[in-house]
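Have a look below at one chain only, the form predicted alone, in structure tokens format.
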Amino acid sequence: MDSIFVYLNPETVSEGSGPLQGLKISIQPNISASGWPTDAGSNALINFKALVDATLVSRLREAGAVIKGLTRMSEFGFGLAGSRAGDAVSRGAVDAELVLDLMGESRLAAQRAVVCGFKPSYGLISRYGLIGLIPSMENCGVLSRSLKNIREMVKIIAGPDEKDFSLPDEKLPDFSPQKVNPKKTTVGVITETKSGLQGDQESALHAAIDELKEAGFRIKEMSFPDFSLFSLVHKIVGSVEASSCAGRYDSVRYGHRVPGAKNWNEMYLSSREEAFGLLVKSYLFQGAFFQFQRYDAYEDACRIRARLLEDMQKTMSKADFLLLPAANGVPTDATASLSGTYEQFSPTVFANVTGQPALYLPSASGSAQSGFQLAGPRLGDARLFAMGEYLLNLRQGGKS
């Protein structure tokens, strides 16, 4: 288990009492836990330790959960290269794991580990104490073998936080268990998401559609002609936000500092050169290009994002849920490049752009390539949990 964790909590007893009493949870080192290493997987924050608990960490502890340790992550949580997200859950070392979802990481990590993975609605969970990269698109996702565990955790960590002024003043969903009537539930399948699927991925999607049909759900084929633009918008808007966010890493108060610099400017440039890995560095360069050389393209991407948001809202008005593939067969070695990373996450970035909740469910066969995504409207998280729990319960013959 040591290769999964970068830090193990010596305390194994719950600090509080509540509905999560004794639940073992792992987090990534971009989620602040006071006194713990919090380098976000980057040299830019090497040797930095959190000064306070993130809001969601303090809420979990108060509810009786045990934060067991920190798992290995990709740099700033961007992509899954070098990440061990999901391994601790799949091996039974913890009951659940918190994974920052910038473009679909929690869902693809869940697929790899053959467990459930959930990305909540944007604005539902406080980001105070999270070290992120793309503020308008990232959320703290949850992985677990048990969807009930995920629901109960989200119920605890969701809600207003006076320390996070970015949270909108909205009514929280009711996370109590809900009933699902298949005959009155429509599941949309976006035609454009099926193009390019091959072999196991194509078979997995058809198997998911058949599973829903057999359960009595109404399946509706729907067209979303501009679905591919979600990746383009994420590339441009996300990289500009990342470039802006990473400006804080100047090696003055924390992080890697190159020795022997003759002046502050030399120290800043040389230290930043060594602070970031190739993937993140290329992303930051791309963002700087759109920020300073092609700002018009960034403005266009923001306008397209607004239009995609409207198109998705219209699509969700015609279906209760959307069924989408989670994988597209991109080789693992391709994810070391920026283009390969975006190709890998092309089925998942839509939910980060729109801010809607998305749930990954493993297939009944237990294959890592046979699961699927379900998505609902923004703040439809509770209803999405109900749908997922209904399907998992159905596989068990209706037994809880």
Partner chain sequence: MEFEAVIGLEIHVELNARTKLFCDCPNNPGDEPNINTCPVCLWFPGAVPRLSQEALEKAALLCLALGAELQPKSAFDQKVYYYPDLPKGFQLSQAHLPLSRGGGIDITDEDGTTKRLRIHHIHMEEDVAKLVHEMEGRVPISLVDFNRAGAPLVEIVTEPDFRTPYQAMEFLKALRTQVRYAGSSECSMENGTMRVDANISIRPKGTGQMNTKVEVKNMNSVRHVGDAIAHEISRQSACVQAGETVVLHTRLWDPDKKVTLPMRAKFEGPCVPDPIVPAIELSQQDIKALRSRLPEMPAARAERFVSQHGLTGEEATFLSTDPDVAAYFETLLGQGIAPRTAMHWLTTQLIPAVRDRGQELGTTPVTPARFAMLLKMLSNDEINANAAREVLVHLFDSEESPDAIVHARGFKQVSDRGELDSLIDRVLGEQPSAVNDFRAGQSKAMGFLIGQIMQASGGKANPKIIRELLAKKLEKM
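Positions refer to the first chain, counted from 1. What you see is a predicted model, and the numbers here were worked out from it, not measured in a lab.
Here the subject shifts to the form predicted together with its partner chain, a form of this protein not shown in this document.
With its partner chain left out of view, the stretch that reaches within 4.5 Å of it through heavy atoms in the predicted complex is, among 106-114, 223-231, 236-244, 273-281, 236-244. Checking 86, 129, 325, 120 for any heavy atom within 4.5 Å of its partner chain in the predicted complex turns up a single hit: 129. Listed residues 291, 178, 191, 186 were compared with its partner chain in the predicted complex; 291 is the one with a heavy atom within 4.5 Å. Of the heavy atoms in residue 342, none are within 4.5 Å of its partner chain in the predicted complex. The closest non-hydrogen atom of residue 159 lies beyond 4.5 Å of its partner chain in the predicted complex. Within this chain, residue 135 lines the site of its partner chain in the predicted complex, having a heavy atom no more than 4.5 Å away.
Remark: residue 285 does not count among the residues lining its partner chain in the predicted complex, judged by a heavy atom distance of 4.5 Å or less. In the predicted complex, the residues of 144-171 lying within 4.5 Å of its partner chain by at least one heavy atom are, in order, 162, 163, 164, 165, 166.
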